[in-house]
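The chain below stands alone and is given as structure tokens, in the form predicted alone.
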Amino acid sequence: MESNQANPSILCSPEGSQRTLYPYVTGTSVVALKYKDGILMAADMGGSYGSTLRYKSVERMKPIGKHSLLGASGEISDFQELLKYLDELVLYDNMWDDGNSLGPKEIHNYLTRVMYNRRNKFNPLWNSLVLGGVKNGEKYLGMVSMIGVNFEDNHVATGFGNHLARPILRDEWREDLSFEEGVKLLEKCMRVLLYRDRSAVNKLQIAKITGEGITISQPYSLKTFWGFSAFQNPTAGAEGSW
């Protein structure tokens, strides 16, 4: 007679429950700000396999619906999974055919719930997300961390950008920035990140979100200068035998 007791070997099988223990292919910082007419967002196109800059044409900013743009740092495959969720959400919303559409605030709230839900399952999506958009003349900019921590602000950044770009934005951002001034400020932030972040690559895109729609630039490179004395001899004055 067979026992009804559960087989411990099946319950403890490693195939029974899988978790992402660490990210594999990752993207670095996303920086975004509000300007006079809408939102500007910038991200480079690098994808790092561990510490190796393996991919150099990874697009990390994607339009969501009619009014929103999502930028992501962290695990690229988890970002792709999130995009599947959002495609289903937007498709479901369009099926109502009621003349309304999801705005950036609704998308942002949805992302906070998804990220927090996955965190509670101890199986988080390894991303930090930036969500910007314009609907009915209202500008919206927010971010979500991999455990669901979220906020709105006039400028946001993920990854190293939190430490290196936000201080620049706090000093130089103002509400009446023109498009050209906003792009120049974002390029300054991305240049500093390129100098200081080993995972950054000199190939970036800048996206513009206004009431008229979303435009993502073609990839381009920044003009850089590597002749600073601190770059030529970074260990000068350092203590120790190294």
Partner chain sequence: MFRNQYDTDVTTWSPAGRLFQVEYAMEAVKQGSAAIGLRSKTHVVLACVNKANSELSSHQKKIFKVDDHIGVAIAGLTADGRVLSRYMRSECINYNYTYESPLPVGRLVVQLADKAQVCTQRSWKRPYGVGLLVGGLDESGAHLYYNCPSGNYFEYQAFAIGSRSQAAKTYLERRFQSFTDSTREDLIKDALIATRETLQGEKLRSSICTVAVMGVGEAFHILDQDNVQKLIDAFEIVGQDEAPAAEPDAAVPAEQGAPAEGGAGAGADAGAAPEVDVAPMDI
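Positions refer to the first chain, counted from 1. For clarity, every value in this text was computed on a predicted model and none was experimentally measured.
As for the form predicted in complex with the partner chain, it is not shown, yet the points below apply to it.
- Contact check for Lys105: a heavy atom falls within 4.5 Å of the partner chain in the predicted complex.
- Although the partner is absent here, Ile168 is not a contact residue: none of its heavy atoms lies within 4.5 angstroms of the partner chain in the predicted complex.
- Mapping the unseen interface onto this chain, Arg119 falls outside it, with no heavy atom inside 4.5 Å of the partner chain in the predicted complex.
- For the chain shown alone, Gln80 is not a contact residue for the partner chain in the predicted complex, no non-hydrogen atom being within 4.5 angstroms.
- In summary, the region of this chain contacting the partner chain in the predicted complex, judged by heavy atoms within 4.5 Å and restricted to 70-78, 126-134, 97-105, 155-163, corresponds to 97-105.
- Heavy atoms closer than or equal to 4.5 Å to the partner chain in the predicted complex belong, across 103-133, to the residues Lys105, Glu106, Asn109, Tyr110, Arg113, ordered by sequence position.
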